[in-house]
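A single chain comes next, written as structure tokens; it is the form predicted on its own.
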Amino acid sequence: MKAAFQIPWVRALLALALVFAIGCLCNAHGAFFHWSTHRDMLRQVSVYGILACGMTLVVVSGGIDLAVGSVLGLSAVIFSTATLHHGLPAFLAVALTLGAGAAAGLASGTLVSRLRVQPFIATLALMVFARGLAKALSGGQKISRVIQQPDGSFSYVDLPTVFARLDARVLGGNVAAVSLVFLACVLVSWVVLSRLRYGRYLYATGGNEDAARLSGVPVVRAKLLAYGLCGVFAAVAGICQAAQEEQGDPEAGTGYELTAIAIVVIGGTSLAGGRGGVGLTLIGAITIGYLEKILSINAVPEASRLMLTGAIIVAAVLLQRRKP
């Protein structure tokens, strides 16, 4: 039993089972047993989960990305500006936003892999820069359907179809579209880590960068791939966030990077690099989602939620120190 508990998958599933059991006990007069509660939980955690998919790639490679929340806010502004204010077709707006996210990720990757800047410092700098750029592009205002004309009057634009589609419920109204986007991101991350050569490069780089380099692993390209894809996932999250809020908020995503890291850690991916996977991240996302939902339906104050989440992160990190 002790040996089984040391396996990351077992620990992650036990944590999820424990949280689910707490939900069954503290069910808020049966609210926890309604499908709408689980559907809404998946919808609410999906944006964080999308960020966590990219974060998993970076953490496996031995890095960290503190800029994902700011890149999300920047992406939300770019997507909303392109669709609401400039009327670009959805596919062009999505392509532009994903390109901006990739550029942001590659900027972090370049600082880390080529210029040898510590990941914490490099991504912290990009976090501040991306947030400032979001505010500069938006003029410090939310990009919404309301447009101010040169004469000071205001006009309203129709909400593009892409917003409604991303915020819709599908499969008979039982699942939110953004939840399917999250699952698609999980699948992409799984393919990269488990089915592509670069996935093995990421694990090797995170396990021992010097040994990986001496073994012929293209460490620089591996890190660029990890940070670049992390930026793309942040852009996807920004698009979904804009669709849910029907606007591009330059302040969107503040603190989201911490939740994404918490999901990765609680899932069982090692912050030391070289171990873990996106399957664990999926379990971590559902665990965090259920925890937040249980606390919400039981009207637990936000301050208590934050303290409890912090304690759980510490516990997860301490458990990781017991290597299988």
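A residue's number is simply how far along the shown sequence it sits, counting from 1. This one's a predicted model, so the numbers in the text were calculated from it and none came from an experiment. Take the two forms, find the largest set of C-alpha atoms that superpose within 1.5 Å, and that set is the rigid core.
There is also a form predicted together with another copy of the chain; it is not shown, and the following applies to it.
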Look at the candidate spot formed by 125, 310 and 318 and say whether another copy of the chain comes within 4.5 Å of a heavy atom in all three of them in the predicted complex. yes
Can any non-hydrogen atom of residue 117 be found within 4.5 angstroms of another copy of the chain in the predicted complex? yes
Wondering, does residue 280 line up within 4.5 Å of another copy of the chain in the predicted complex on heavy atoms? no
Distance check, residue 111 to another copy of the chain in the predicted complex, heavy atom within 4.5 Å: yes
Tell me, yes or no, whether residue 99 is in contact with another copy of the chain in the predicted complex, where a contact means a heavy atom of each within 4.5 Å. no
Going by heavy atom distances of 4.5 angstroms or less, which of 121, 103, 170, 95 would be at the interface with another copy of the chain in the predicted complex? 121
Residue 21 C-alpha relocation of at least 2 Å between this form and the one not shown, rigid core basis: no
